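One chain is shown next in structure tokens, namely the form predicted on its own.
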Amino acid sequence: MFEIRNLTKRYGKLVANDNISLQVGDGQIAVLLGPNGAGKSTLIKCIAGLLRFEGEITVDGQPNKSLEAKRKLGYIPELPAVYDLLTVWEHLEFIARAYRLENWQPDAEQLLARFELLEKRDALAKELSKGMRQKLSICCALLPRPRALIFDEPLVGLDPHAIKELKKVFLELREAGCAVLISTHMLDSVEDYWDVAHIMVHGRFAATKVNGDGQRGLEELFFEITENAPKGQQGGADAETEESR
């Protein structure tokens, strides 16, 4: 459903993502693994259309920054992107109007109930805890029923119930034929449901592994690559620090 071809992201002379290509097909869960500072969040933000880049990104054949692509792409950032002075319910109404959704209220109520936010529907976002803000961000992304979704460290800060429900959502999205890309540095958070894993080090893909391909496990491969990676290369941590300023 979405494809990245020869993507490079630079901050001046600093290369954060170096000539990356990948494809996530319909009904596939791909995970983007790597230590903190590997360049994962930079890549995710490029896909979401938040950063300029060299190369090409398409969603269902359309450029990722086009309106057609944005209608099909859901994005859950690492830091919840919510509006302090809107209530929980007003966030969902805002999304519904932006996407011109019809009869969206039952879906919105179901999402809030699933993530234990229904009692907070009239609370302002500034009154919510970080975990609740994350759950609201997830609900907003899921409401339009996008066909492709990207998650950046989605389990960080969630309570055990929300983690369980979100993992169920991942499997439901795959069953529905959606393309899903999950960026994380926590191997145990994706061990049960990934189809293909890309291990990223210093802004590049060091390895790609298909689930069930070969005898070596993902954890063994991950630590072999990341612990033996040369130190002091450009990209990765410095690039993401620059991006956050």
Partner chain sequence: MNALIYLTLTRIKNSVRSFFRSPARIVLTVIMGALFATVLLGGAGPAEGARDIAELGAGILALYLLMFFSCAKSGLNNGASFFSMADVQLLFPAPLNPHRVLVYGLVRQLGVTFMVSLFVIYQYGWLHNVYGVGFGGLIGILLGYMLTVFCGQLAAMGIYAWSSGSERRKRVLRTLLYLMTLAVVAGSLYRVPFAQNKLAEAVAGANAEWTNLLPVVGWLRSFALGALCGNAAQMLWGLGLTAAFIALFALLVARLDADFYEDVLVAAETTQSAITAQKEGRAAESAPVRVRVGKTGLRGGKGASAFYFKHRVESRRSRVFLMDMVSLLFLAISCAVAWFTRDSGILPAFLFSLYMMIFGSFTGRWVRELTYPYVYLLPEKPFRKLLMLCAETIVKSAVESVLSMALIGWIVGAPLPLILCCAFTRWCFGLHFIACNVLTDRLFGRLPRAFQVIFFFLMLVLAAAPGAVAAVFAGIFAGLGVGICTAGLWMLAVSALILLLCRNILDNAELNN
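Numbering follows the first chain given and starts at 1. Since the structure is predicted, the reported quantities are computational estimates derived from the model, not experimental observations.
This next part talks about the form predicted together with the partner chain, which is not shown.
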field: in the predicted bound form, segment of 25-33, 204-212, 178-186, 43-51 with a heavy atom within 4.5 Å of the partner chain
entry: 43-51
- request: Identify whether the partner chain in the predicted bound form is within 4.5 Å of every residue in the set L79, E93 and C140, based on non-hydrogen atoms.
  value: yes
- line: In this chain shown alone, the residue from K167, R114, R71, R174 with a heavy atom within 4.5 Å of the partner chain in the predicted bound form is R71
query: Does at least one non-hydrogen atom of D84 fall within 4.5 angstroms of the partner chain in the predicted bound form?
result: yes
query: Can you check whether L101 is within 4.5 Å of the partner chain in the predicted bound form, heavy atom basis?
result: yes
query: So in the predicted bound form, does any heavy atom of K65 sit within 4.5 Å of the partner chain?
result: yes
message: Residue-level question: is L158 within 4.5 Å of the partner chain in the predicted bound form, judged on heavy atoms?
response: no
